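First, one chain by itself: the form predicted on its own, in structure tokens.
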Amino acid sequence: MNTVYDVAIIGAGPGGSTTASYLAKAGVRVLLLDKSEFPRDKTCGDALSPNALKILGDLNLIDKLIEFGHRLNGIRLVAPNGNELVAPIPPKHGFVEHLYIAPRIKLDDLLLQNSIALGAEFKSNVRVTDLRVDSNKVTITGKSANKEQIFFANVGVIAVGANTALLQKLGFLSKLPEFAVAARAYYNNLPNLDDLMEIRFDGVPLPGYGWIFPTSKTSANIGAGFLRKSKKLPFTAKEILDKFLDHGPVREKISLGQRQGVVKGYPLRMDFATARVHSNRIILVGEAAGLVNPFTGEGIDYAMESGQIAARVLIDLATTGDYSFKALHSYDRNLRKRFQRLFVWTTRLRSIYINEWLLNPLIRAANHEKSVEKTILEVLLSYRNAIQALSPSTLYHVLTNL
């Protein structure tokens, strides 16, 4: 007799595994599928914001994170003209005042193993090729070692990141959304790293930025990304990264270091504000729902938080067994309540500020006025809505520093 799981989750990254952990902890029978064998690498900036750390704390995983993650206590922002803002993580009730940089090969496996320990059933090397919705279940078809496998569940969760093939097949995407692109590499033997998450708008074409995220006292995840709006921009993220690495201050910082492994590029899907996130018996979490910050490119915390929201909704609906489009709209509603305004205004903020004419006076104003500094940092960390960066007070200070 074929097993019918309560919930089947496709994709075991932070969004999928977080969803699985909360569901399994509540006694829900969960199947978690992924095309890869774990641990596996995932190209990313590796940054864990205080929002992400709060969920990791709720899952009792901070002690294990500390074993491989590197703690950072502040942020450095560098304007196109080279001016810097260096500041600590601002306080917020219920959140820690630091960040962690955690390589995804270890972070994702930690989250996956936690879900398994809580009772989720995991199957690796399964590439899902189709998902069919019937009146009382979903049927998932996948391939493993060239053999077809079929799984059944009451509801499906899609957490496949920026992989749009399955979403297009299921009708969630009528056309491909606009993507940003990024590339990163790891460097060792870097002697002059601070305990700061460094975001640089110099040495890269705008709209874009480069980053230096220390993974230890002598190593870092270094990358660059941009939104391809102009045909004049280089075609690949690797070209952007090469340009960034050759930029004077960055070149000096990495001159004694050695690159480890190859440069890897990846897309970033940022269209949550207009994305469909559910249908009959299916919901999307994380980047599959477009949940990557349009201003910072951060996605791990959004994936984990959407997974937490998804689990709460599915646990509530388990009492009725109603996973219809109408019932699952509560997931859409909760997700929009949490993120919609943030994404709408962050997208607008990117369009307005990511140019040298405003970034330079913005950083200058933040160095002169604590309220501007606080606004910038809290917007970057999603502590407050990005509309605050367009308040009359903030704009006044920016314009007086032109």
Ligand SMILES: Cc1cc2nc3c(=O)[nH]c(=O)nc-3n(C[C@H](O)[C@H](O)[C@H](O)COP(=O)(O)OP(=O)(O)OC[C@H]3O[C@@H](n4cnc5c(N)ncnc54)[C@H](O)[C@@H]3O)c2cc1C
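We number the residues from 1 along the sequence you see. Remember, it's a predicted structure, so these values are computed and weren't measured experimentally.
Although it is not shown, the form predicted in complex with this ligand is what the next lines describe.
J.: Based on heavy atom distances of at most 4.5 Å to this ligand in the predicted complex, which listed stretch, 318-326, 179-187, 255-263, 77-85, is the contact stretch?
T.: After filtering at 4.5 Å, what remains is 179-187.
J.: Could you work out which of Leu112, Val292, Val250, Leu314 is the residue within 4.5 angstroms of this ligand in the predicted complex, going by heavy atoms?
T.: Looking at the other structure, the residue within range turns out to be Val292.
J.: Could you work out which of Asp202, Glu305, Glu198, Glu298 is the residue within 4.5 angstroms of this ligand in the predicted complex, going by heavy atoms?
T.: None of the other options qualify; the answer is Glu298.
J.: Report whether the minimum heavy atom distance between Ala12 and this ligand in the predicted complex is within 4.5 Å.
T.: Close contact exists here: in the predicted complex, Ala12 approaches this ligand to within 4.5 Å, heavy atoms only.
J.: Applying a 4.5 Å heavy atom distance criterion, does Val157 contact this ligand in the predicted complex?
T.: So Val157 does not count as contacting this ligand.
J.: Does Leu53 reach this ligand in the predicted complex, with heavy atoms at most 4.5 Å apart?
T.: The answer is no: Leu53 has no heavy atom within 4.5 Å of this ligand.
J.: Even though the partner isn't displayed, in the predicted complex is Arg104 close enough to this ligand, meaning a heavy atom within 4.5 Å?
T.: Yes, Arg104 lies within 4.5 Å of this ligand in the predicted complex.
J.: Give a yes or no on whether every one of Gly208, Glu239 and Asn355 sits within 4.5 angstroms of this ligand in the predicted complex by heavy atom.
T.: Checking in the predicted complex: none of Gly208, Glu239 and Asn355 is within 4.5 Å of this ligand.
J.: Looking at this ligand in the predicted complex, which residues in 11-46 have at least one heavy atom within 4.5 Å of it?
T.: Gly11, Ala12, Gly13, Pro14, Gly15, Gly16, Leu33, Asp34, Lys35, Ser36, Phe38, Arg40, Lys42, Thr43, Cys44, Gly45, Asp46 sit within 4.5 Å of the partner.
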